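Shown next as structure tokens: one chain only, the form predicted alone.
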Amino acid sequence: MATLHFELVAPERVLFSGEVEAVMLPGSEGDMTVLPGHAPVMSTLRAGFVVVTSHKDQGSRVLVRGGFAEINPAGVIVLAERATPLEELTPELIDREILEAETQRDGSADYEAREAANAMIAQLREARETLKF
């Protein structure tokens, strides 16, 4: 099967770099699945899971909190504001992220910043529920 190169980079480390069959991204305008031969696209990312399929029935999930994705003929590059592999997630970590977003929301008078924080809170709560800790 055809593959594409995928890189997932967070500020503190490179979380993934290699050939994959598909990548599902939580785009700000909706989820998108990238397969080999995808048209070039730039997208902002919302909080959610990046799902990487490296081989048939094998893959990984990483929770990202914002960032950018570039899809080009060479592959996909995700620059995440924050990213945590599924294996490293704990209920306490997600609760801490929710509390941080609530604090930012409550401390801002800017309507757009408050709405962005509300969206982040909802997406983090959805991620926590999805994982059923």
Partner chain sequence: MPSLKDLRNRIASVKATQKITKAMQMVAAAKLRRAQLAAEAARPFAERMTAVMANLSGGITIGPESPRLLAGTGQDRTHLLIVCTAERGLCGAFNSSISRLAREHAVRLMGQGKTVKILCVGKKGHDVLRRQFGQQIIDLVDLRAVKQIGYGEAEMVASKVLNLFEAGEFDVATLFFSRFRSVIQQIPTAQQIIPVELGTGTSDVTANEAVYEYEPDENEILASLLPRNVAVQVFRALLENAASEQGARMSAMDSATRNAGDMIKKQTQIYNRSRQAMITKELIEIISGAEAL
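Quick caveat, the model's predicted, so the values are computed rather than measured. Residue numbers count along the first chain shown, from 1.
Note that the form predicted in complex with the partner chain isn't included here; everything after this is about it.
Trainee: Under a 4.5 Å heavy atom criterion, is Glu7 part of the interface with the partner chain in the model of the complex?
Mentor: Glu7: contacts the partner chain in the model of the complex.
Trainee: Counting only non-hydrogen atoms and a 4.5 angstroms cut-off, does Gly37 reach the partner chain in the model of the complex?
Mentor: Flag for Gly37 set to no.
Trainee: Find out whether any non-hydrogen atom of Glu92 is located within 4.5 angstroms of the partner chain in the model of the complex, and reply yes or no.
Mentor: Glu92: no contact with the partner chain in the model of the complex.
Trainee: Heavy atom to heavy atom, is Glu29 within 4.5 Å of the partner chain in the model of the complex?
Mentor: So Glu29 counts as contacting the partner chain.
Trainee: Should the three residues Gly48, Val64 and Arg125 be counted as contacting the partner chain in the model of the complex, with contact defined as a heavy atom within 4.5 Å for each?
Mentor: Per the other structure, none of Gly48, Val64 and Arg125 touch the partner chain.
Trainee: Go through 70-104 residue by residue and record those having a heavy atom within 4.5 Å of the partner chain in the model of the complex; state none if no residue qualifies.
Mentor: Glu70, Ile71, Asn72, Pro73, Ile77, Leu79, Ala80, Glu81, Arg82 sit within 4.5 Å of the partner.
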